[in-house]
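One chain is shown next in structure tokens, namely the form predicted on its own.
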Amino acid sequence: MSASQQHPASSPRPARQADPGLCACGSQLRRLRCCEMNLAAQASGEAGRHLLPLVERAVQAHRHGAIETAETLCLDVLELAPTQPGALQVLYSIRKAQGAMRAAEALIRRMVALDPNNLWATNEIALLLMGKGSLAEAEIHARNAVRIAPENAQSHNLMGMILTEQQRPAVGEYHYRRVLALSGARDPIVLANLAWNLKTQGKMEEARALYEESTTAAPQVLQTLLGWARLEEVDRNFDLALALLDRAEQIAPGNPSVLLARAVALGRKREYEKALATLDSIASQSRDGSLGPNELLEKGRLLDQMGRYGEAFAAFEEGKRKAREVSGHAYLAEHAAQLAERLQRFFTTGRLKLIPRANPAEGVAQPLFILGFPRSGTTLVEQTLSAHPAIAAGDELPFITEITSIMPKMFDSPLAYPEALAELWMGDHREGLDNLRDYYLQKSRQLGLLRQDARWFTDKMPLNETHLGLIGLLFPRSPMIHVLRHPLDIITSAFSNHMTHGFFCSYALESAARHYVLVMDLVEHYRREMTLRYMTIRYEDIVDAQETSVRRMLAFTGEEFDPSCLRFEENRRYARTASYAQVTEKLYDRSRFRYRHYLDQLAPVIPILAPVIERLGYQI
């Protein structure tokens, strides 16, 4: 427990709190000395040298738990010298300990802006941003921390954590192993972090051994036991997972994370009543007697399995409402519409005639793109195809999206994507697509996907179909398999899970439907304007006629039929998606036309989806 939590005097002073001139971030500084301050106009740190004795007193007071004294001194110093680094650091530590994260972020951002080579501050902002889910920005600072101190173990550990969370575990593994090499010790926390990383790569036995080593050295670390329990739940060892959660419960009785993990494991064992009771115990212990966003979504999925559909949808709605409230995220409708408009304006037959295609890279496995809106069945298709000996599983690869970001710089273009593709008409960029293709393949090689015995590796990044035109330019010979499913089933399933793909569209029912229509209209545009190696497969057809559908997909890729593809549930790889549990079961049909149970609740989105439902040949 921090000193600020131990002393009642650590609360911000009421007099300052009542001042309307204070910054809205909660730092307790005036707006003009905080978020509305122009750093460029501030005097150098030398101007505040006479305040150093006050800063030292603040440091000592904070160190000895006199939080109110430390806070008062820092606020007074920063009023006179808002760039004083020592006062910023102490006030940041106080606000962070108090849970005033908006204020803490504002203060640490100021420290990094003032001194970009401050390793401590750089690591702190990366950790803070990772904690709030801003992984892309967190990675920028984590990379800078490694640049500042390439032999600093903490920086590499942070880099490993962020890359693992970003679904780039193979690169994250490198940084964790650098931590072990630099420290020269088998730190239990680092071992547990590496174990989680290996689990996401499907290296279950190696991960399990590391969890055992970590818990032997430090048996009371809650997060390690939770991570190990999660591995066993994913690997279908439910009883062992529950036993590990029993150990975690002894360390932290009533801990919500432990209880949620127990509910998930019980749900996978189909012990639905016990799972619901476990979730209810979380609610009974919370301050307001209710569940959080993740618990509500899990409750909704359990109720759905039990056939209690009205209650299930109510849980989904409340879960999404709380998710919006907690995260502040909402559908970025304007951004999505602008991107779609620009893509349609650029990718036209006339322009595409002038753009050369990338040449195929010979002698290496090629990407096989599995397209589809989240929850359409792409994980099922990937699990099926990657059971074939010639097809490696790539999972959700972010490289197409990365290429859209780096393209302007690689092409020396003042324009953004997609307009930057116009540089291909210049003589010195005629091979620009080959360079982008090589970037994609190099990143895939780093992940270990270019197996010698494989001709293909899958890329099922959600909503890659947004960039279907770019994919067609980079990999004109690569198969594109677009998984279709009844749109109402897709929206129902998307609404019952936590996802950030698609400009946060799934945070509300109507925005999920609107983004689905936008993407499907964009796909139709690409297909009209350019020739693609593209096929569609219906999720419902896979359920109804599995072998016929599998043969059709394999024939499209040019591979011979292999019976192992019909037993996809035996494919022991870990699918890093919300469907990881479903694809460990034999093919079932209980999710087909699931929307029928929710027709009343789906009424607001039926008019939005109706044109695409009709175009795809579905009925309501």
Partner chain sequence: MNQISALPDDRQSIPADRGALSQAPADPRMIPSAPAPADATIMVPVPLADLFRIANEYEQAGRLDDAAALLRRMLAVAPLQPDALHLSGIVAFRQGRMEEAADLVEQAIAHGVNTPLYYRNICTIYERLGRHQEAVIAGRRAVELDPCDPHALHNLTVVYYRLLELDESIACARRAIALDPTLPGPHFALAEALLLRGEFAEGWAEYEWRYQIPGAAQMMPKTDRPQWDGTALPAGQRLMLVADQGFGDVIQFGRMIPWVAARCPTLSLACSRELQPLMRQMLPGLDVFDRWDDRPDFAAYCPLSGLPRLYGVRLGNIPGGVPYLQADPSRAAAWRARLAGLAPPGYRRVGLVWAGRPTHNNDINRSAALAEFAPLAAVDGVALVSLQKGPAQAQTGAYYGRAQLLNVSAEIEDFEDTAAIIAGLDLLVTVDTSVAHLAGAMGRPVWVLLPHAPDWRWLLDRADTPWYPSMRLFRQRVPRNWSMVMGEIAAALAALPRQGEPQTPQ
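Computed from a predicted structure; not experimentally measured. Positions refer to the first chain, counted from 1.
Only in words, not in the display: the form predicted together with the partner chain, which the text now covers.
With the partner omitted here, the stretch from 505 to 513, 245 to 253, 519 to 527, 264 to 272 that lies within 4.5 Å of the partner chain by heavy atoms in the predicted bound form is 519 to 527.
Proximity of 152, 392 and 446 to the partner chain in the predicted bound form is absent: no residue of the three has a non-hydrogen atom within 4.5 angstroms. Mapping the unseen interface onto this chain, residue 452 falls outside it, with no heavy atom inside 4.5 Å of the partner chain in the predicted bound form.
Of the heavy atoms in residue 531, some are within 4.5 Å of the partner chain in the predicted bound form. Contact annotation for residue 558: at least one heavy atom lies within 4.5 Å of the partner chain in the predicted bound form. Among heavy atoms of residue 109, none comes within 4.5 Å of the partner chain in the predicted bound form. Between the options 470, 484, 97, 380, the residue in contact with the partner chain in the predicted bound form by a heavy atom within 4.5 angstroms is 484. Scanning 536, 359, 344, 134 against the partner chain in the predicted bound form with a 4.5 Å heavy atom cut-off leaves one residue, 536. Contact annotation for 603 to 620: residues with any non-hydrogen atom within 4.5 angstroms of the partner chain in the predicted bound form are 615, 616, listed in sequence order.
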